[in-house]
Each structure stands twice: as structure tokens, then as C-alpha cells.
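Only one chain comes next, encoded as C-alpha cells, the form predicted alone.
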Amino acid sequence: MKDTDIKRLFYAHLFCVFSIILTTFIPSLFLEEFSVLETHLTWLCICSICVTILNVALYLLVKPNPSSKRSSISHKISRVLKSCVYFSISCLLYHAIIVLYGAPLIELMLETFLFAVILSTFTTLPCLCLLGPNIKAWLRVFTKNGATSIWDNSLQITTVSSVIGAWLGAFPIPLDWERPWQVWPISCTLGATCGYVAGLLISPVWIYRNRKQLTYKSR
């Protein structure tokens, strides 16, 4: 494992963190009365779009998993279309799971769906960028000792931390504190965002500290 690979991972993650920070300030320059709490759905859409664009751009620039074969244009188009389908399915699955965990089924449906979209953006999208629409590769990465690169390890950490952050964010909702951030699904989306950012910052540090113990098998 080269230190330059870890630096590339760290800088890529740092760009992702800054993109989320900027989504809380830049839109207020163009949108009146914009704030994460007061116009939460607008912020969710902006955050999802920015993170999506940056993830795709970083993948094209960094290319952590370069293919040994040159893909045809039809193959690339097929990969993009499959990735869009997978992302859509991920949003629907997250939406269903969130409802099963107690979210309103009909009321606040848009809010619940956008929460599912941001979760998919933090978890499914990076997998699609790094692994492609390949379920076998996803299962491999998220099994014990299944990582074959530092990028796989980063996927494990950021995905788990995002889901845990969203889960922890649900705890304050039923409390009678009457805070504006307790409105569904603000605390959950903020929890998922904090978990995602934490995962982005923790994973390069964890990989660097454990680089001597990490051994990767070829695929």
C-alpha cells in the first residue's frame, strides 16, 4: 500500500466534506431565506445534487479502480443506465425501510422520500462510482475481509457511519423538547450527513494507522 494512494483518498474525501459545508452557505447567496432548517427540503435536493456531481467527477479524475480493458461506448452507456436504475431502486428500498421503521406512510411522503434519496447518495452512489452496478462486488466488499483496496475500506466505513448516523438521528424526534430540528426528517438527515462526514474523515486516518496490518487479496 502506497502513502500516495492514501493521500489521494484523503483529498478526495476532503473535497466531499467541503462540498457539503458549501451547500449550507452558498445557496443563501442566491435564495432568499435559505437555511438548513427552514428550507430543509431545498437543502436536501441541493446537497444530493452536489454530492452526486462531485462523486462522479472525483471518480473520473482519480480513477481508483482502472479497468484493464477499454470499454466500448455501448458498454459505458449500459453501465450508466444500470447505475441510474440501481440508484432509483436504492431510493425506493430505503423509503420502504424507513416507513417500516415508523415514518409516516402517506403524510410527509415527499420528506421521507428525499431522506431516502440523501441516504442513497451517501451510501449507494459511492458504491456505484467505485464498483459499478455489480451486486457481487458489493456483497464482496461488505463481507468480512472482502476489501481489496483502501477504497473498499472507505466504502465500508462511510456507508456504515451514514446509516448509523441516520438511525441515531431518529432518537430525539419523539422527545418533547419542541425544537425546530425535531421535525421529520430533519434530525435523521442531519444525523446521516454528520455520519457521512465523520466516515469521510475517519476512514483515511484509520487506513493510515492500520496500513501495515491491511493486506489485500487480488480479485
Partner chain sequence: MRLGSGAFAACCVVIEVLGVAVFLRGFFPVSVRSAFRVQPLPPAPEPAAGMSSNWTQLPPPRFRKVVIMLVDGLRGDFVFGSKGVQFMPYTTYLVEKGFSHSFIAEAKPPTVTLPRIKALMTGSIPGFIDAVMNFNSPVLLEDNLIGQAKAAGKRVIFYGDDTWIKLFPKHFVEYDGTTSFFVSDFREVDDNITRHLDNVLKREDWDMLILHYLGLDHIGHISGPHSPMVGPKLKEMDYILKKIHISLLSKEREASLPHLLVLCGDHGMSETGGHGASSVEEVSTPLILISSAFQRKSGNFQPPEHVQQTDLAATLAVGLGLPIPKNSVGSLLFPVVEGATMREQLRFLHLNSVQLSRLLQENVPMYEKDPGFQQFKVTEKLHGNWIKLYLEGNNSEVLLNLGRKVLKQYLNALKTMSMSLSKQVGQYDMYSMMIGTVIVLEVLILLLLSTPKALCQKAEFEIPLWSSLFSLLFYLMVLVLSAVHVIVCTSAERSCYFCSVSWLMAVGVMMLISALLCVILCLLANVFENVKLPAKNSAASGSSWSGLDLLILFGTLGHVLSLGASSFIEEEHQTWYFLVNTLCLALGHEICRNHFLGKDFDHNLAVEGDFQKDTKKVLQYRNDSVDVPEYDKVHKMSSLELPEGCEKWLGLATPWLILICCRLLRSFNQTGVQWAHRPDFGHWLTSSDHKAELSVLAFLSLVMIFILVQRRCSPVSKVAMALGLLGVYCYRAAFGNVFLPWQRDNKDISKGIIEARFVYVFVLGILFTGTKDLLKSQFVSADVNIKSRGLWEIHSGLVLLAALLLRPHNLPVLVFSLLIQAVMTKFIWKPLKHDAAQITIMHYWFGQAFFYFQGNSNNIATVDISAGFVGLDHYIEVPAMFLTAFATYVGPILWAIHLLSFLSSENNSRSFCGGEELETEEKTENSVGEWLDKSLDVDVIEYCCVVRSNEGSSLGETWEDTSELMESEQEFSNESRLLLLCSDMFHSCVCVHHPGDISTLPFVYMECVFSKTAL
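Numbering follows the first chain given and starts at 1. Worth saying up front: this structure is predicted, and the values here are computed from it rather than measured.
The form predicted in complex with the partner chain is left out here; the points below concern that form.
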| note | With the partner omitted here, the residue among 46, 26, 170, 194 that in the predicted complex has a heavy atom within 4.5 Å of the partner chain is 170
| request: Identify, from the list 88, 72, 78, 143, the residue with a heavy atom within 4.5 Å of the partner chain in the predicted complex. | output: 143
| 4.5 angstroms heavy atom contact with the partner chain in the predicted complex for residue 127 | no
| message | With the partner left out here, check for me: in the predicted complex, does some heavy atom of residue 174 sit within 4.5 Å of the partner chain? | response | yes
| said: Contact with the partner chain in the predicted complex for residue 99, defined as at least one heavy atom pair within 4.5 Å: yes or no? | reply: yes
| said: Does any part of residue 103 reach within 4.5 Å of the partner chain in the predicted complex? Heavy atoms only, please. | reply: yes
| message | Taking 4.5 angstroms as the heavy atom distance cut-off, pick the stretch from 149 to 157, 162 to 170, 31 to 39, 55 to 63 that is near the partner chain in the predicted complex. | response | 162 to 170
